[in-house]
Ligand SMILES: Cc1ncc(COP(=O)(O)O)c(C=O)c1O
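Only one chain is given next, in C-alpha cells, and it is the form predicted alone.
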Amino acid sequence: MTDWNSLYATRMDGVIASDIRERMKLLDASQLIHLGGGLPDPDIFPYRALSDASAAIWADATLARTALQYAPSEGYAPLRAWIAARMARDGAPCTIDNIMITNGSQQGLDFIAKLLLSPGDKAMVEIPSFIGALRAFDAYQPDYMALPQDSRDWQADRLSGAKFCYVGPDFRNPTGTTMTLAEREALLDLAEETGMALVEDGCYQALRYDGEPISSLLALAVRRHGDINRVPVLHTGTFSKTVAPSLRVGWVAGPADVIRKLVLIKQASDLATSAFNQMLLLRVVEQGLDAAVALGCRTYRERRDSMLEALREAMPERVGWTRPDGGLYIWVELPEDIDASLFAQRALAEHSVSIIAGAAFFPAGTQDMPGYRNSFRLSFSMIDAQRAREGILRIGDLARQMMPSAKSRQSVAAVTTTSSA
C-alpha cells in the first residue's frame, strides 16, 4: 500500500486542525451551549433581498448567462467598482485596479502569505491572533515574530526583518480589542522604518457598537502618501459578517502592482470567484448594506451587553475580561494558576458549554507569552441572551471550583480592557 505520510510536503508538518472548526461539528448537539464559535447569526441574514436579487438575475437572459460563466480572475467589475467607491467614502480613494475579489477574506490572507513568504521568512503577528490567519501563514513555514502589546516597544531596531505584520485593528479576533489612532499611526511609522508590509484584516470594521469610527490603516496610509499605489498596506475585507458567509465573497485592496501579482496566484488557485455570487451580492449591497449592518449592530450590541452583565454577576474575583466596542468576541483571563485548556475541556464535558481555549490563538513557539495558558475566547454572535447567561453561570461555577480557594466571592465589576491586547 502507498505510504501517504512519506509523500506529504514538509509544509504539512506544521498544519494542524482548527479547534474552532472542529467545535463547529458540535453545533447539531442542541443540549450544548455554544459560547466559543464566532459565526454570524443566520436569523438576521437578508433572505428577502437575496431572493429578490436572485430572481432578477434569472429573469434577465443576459445577466443569467453572465452569472453562470467564469468571472474574471480579478472579480466582477461592477462589484469591484462598488467596493472601490465604498472604500473611497471611508477615506481610502482607489480604483477597481486596486481591488481583487477573493473567496472570503480567508483566501486573501492565504494568497498574501503565498505572495510574500518563503520558508524561514519572518512574519510578525499580534499575539494572540486570528487562528485562520495563523493556519494560512503556517503552510508557508515562516518564523513568527510577536508584535509587542505596548506600542512604546515598537522600535525599528528591535523589530526589523519581518516581511509583513498582520493585524486586526478593529475589534480584533480573538480579544475584541481595538487599536487606537495613535497606535495605528505608530504601526505605520514602524512599517516605513523597517520596510515591511502591513496586512490589515478589516472583517469586523463595520460592526462598531460604541464610540467613533477610527480610520483604517489603509486610509491613514493613503492620507500619508497621497496615492494608494504608494502605500505599504494590504487590506482584506469581507461580506461574510454583514451579509452572509456562504456566498464566500471578500476582497483585497492595495497597490495595483501588488494586486496584479495576487491575481496571478488567484488564476493558479481557483481561476475565479463565483460570478453568480458576486452579482447576487452586488444587488443586495447596492440596495441594503447599510440596513443590514445596522440590524447586525443592534442585534450583536444587545448580546454583547447581556454577556458582559452575566460575566459581572457570575465570575469570581481574579477573572478579567475585555469590553469590546464592536465585533463578536470577549477575551477572558483566568488566574494564572488555572489551565484554560483544562477549563475548556471540563466546561464541555461537565457543564455542556463550549468555549475556545486561548492557546489556539498563539503561533508555534510562543507558549511562554502571557495569556497562552490561562485565557479563553467567548462569542455572543449566535446565542440568545438567556442561553448565554446560563452558559456564563455554568462556567462561573466551574471557575470557582477550580480556584485555589473555594470561597472566592463574586466580582462586582470586571477588569475590562479596551486598548490593544
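Predicted model, so just to flag it, every value in this text is computed and none were measured. Each residue number is its position in the shown sequence, starting from 1.
Keep in mind the form predicted in complex with the named molecule is missing from the figure; the text below concerns it.
Just one of 135, 163, 241, 283 comes within 4.5 Å of the named molecule in the predicted bound form, counting any heavy atom, and that one is 241. The partner is absent here, but in the predicted bound form a heavy atom of 106, alone among 205, 73, 106, 278, sits within 4.5 Å of the named molecule. Mapping the unseen interface onto this chain, residue 173 counts among the residues with a heavy atom inside 4.5 Å of the named molecule in the predicted bound form. Among residues of the shown chain, residue 184 is not one whose heavy atoms approach the named molecule to within 4.5 Å in the predicted bound form. Within 4.5 Å of some heavy atom of the named molecule in the predicted bound form lies at least one heavy atom of residue 329. In the predicted bound form, at least one heavy atom of residue 248 sits within 4.5 Å of a heavy atom of the named molecule. With the named molecule left out of view, the stretch that reaches within 4.5 Å of it through heavy atoms in the predicted bound form is, among 290 to 298, 188 to 196, 97 to 105, 225 to 233, 97 to 105. Applying a 4.5 Å heavy atom cutoff to the named molecule in the predicted bound form picks out 130 as the lone residue from 128 to 161.
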